[in-house]
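For reference, the chain that follows is the form predicted on its own, supplied as C-alpha cells.
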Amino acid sequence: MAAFHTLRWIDDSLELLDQRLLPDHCTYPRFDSAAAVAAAIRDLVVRGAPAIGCAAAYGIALEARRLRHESQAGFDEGMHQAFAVLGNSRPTAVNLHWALARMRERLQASSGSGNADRAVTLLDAAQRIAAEDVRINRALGAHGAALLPDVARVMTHCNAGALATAGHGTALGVVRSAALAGKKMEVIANETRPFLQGARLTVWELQQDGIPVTLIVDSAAGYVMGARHIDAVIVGADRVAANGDVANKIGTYMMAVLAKRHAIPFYVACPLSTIDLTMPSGGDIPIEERDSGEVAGYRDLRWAPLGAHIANPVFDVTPAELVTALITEKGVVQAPGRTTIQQLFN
C-alpha cells in the first residue's frame, strides 16, 4: 500500500510530493535549504501535521549541510535563522515545533563536533524522525483497526493519510490497518473546502490502495450520516490540547456535532507528538487564517465577486466532550480529558 512517497531524501536533497498538483500531476520538486522547505510548508506543497514536522526536520538538516563549510559563527547564525524561519511557517500544527525541538536538542548535543559532522548528525536525526513517524502510525493504525467491525463504512474529513505523514497515515492509517487485517472497508470522504484535500488527496490516495471510497460535498455529511449506515467518523488532528479539545481542519467541529446527533463514534487519530500539554484548552490554540483567494476560487477559476469580504480560518476546535476516543500509538483513550491524556505521558 501507499506506493508513493510524501517526502524522500535523494542525492543530498529533500524531495516533496507536490500536493497542490494532485491528482492531476505527481511531481517531486527538490529543496536544498531551510528557507525553501519553509516556503513549501507555507504554500502547502506539503501539509498534514506529522508530514510538516518531518519536512521541517529535514529542512534543518539541509541547512546544516548548506552551511557546513562556514565559520563556526556563520554556521551558528545560519542555524538560528533556519529554526526561526521554519518555526514561523505555519502556526497551528504542533508537530512542527515538536520536530524542531528534537532537532535543536541534537544540534546542541553535537556542539563539540565540526560543522560537517554536525550536519551528518542532524540528517540522521531527521531520518529517525521520519522512520519513527511511520512506526507510530502503524501502531496507531492497529489500535484503531480493533475498534472497527469486520465490515465497516467510515467517514473522514480532510486528508490524514500517508500524504499527511511520512507514511501509512493516522485516520487513513486506521483504515489501511483494518484493510490489511482482512476487514472490508469503505470510506466516505468529505471534499473539505476550501483546499479540497478530501476530494483531491484522500480519494486519490485510497484509489492507489484499492480501498473503496465515495466522495461527498461537506454539506452532505449530515444527510449521509442519517441515510446511510456509518460505523465511525475518523479524523486526524493538528493539535490536541491538554483537556482533549482537538484542533483540526475547518469543518471537523461540524462533523463531530453531526456524529453526536446520529450516535456515531467520533474518533481522533493522532500521535502523542500532536498532543500539546502546554495548551490548557482548545481556546488557547492559535488558529491559522489563510489567503482569501483560497475561498474565492480554485487555481485559475474564480467564483466569488471581486471585492467580496472573505474570512478563511483553516482550522476549528472540537470540544473534548464530542470526541469518543483518541487513537494513539500507546492505545485508545476513551472520553479524553486532562487525567486520561496525562496518563499517556506518565
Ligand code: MRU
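Everything numeric here is computed off the predicted structure, so don't read it as measured data. When you see a residue number, it is the position in the sequence shown, counting from 1.
Only in words, not in the display: the form predicted in complex with the ligand, which the text now covers.
Listed stretches are 103-111, 71-79, 146-154, 231-239; the contact stretch with the ligand in the predicted complex is 231-239, by a heavy atom cutoff of 4.5 Å. The shortest heavy atom separation between R90 and the ligand in the predicted complex is within 4.5 Å.
Using a 4.5 angstroms limit between non-hydrogen atoms, G48 touches the ligand in the predicted complex. Within this chain, L96 is remote from the site of the ligand in the predicted complex, having no heavy atom within 4.5 Å.
Contact between I52 and the ligand in the predicted complex is found at the 4.5 Å heavy atom cutoff. Listed residues A126, V174, C158, L86 were compared with the ligand in the predicted complex; C158 is the one with a heavy atom within 4.5 Å. Residue T170 is the only one in 167-196 with at least one heavy atom within 4.5 Å of the ligand in the predicted complex.
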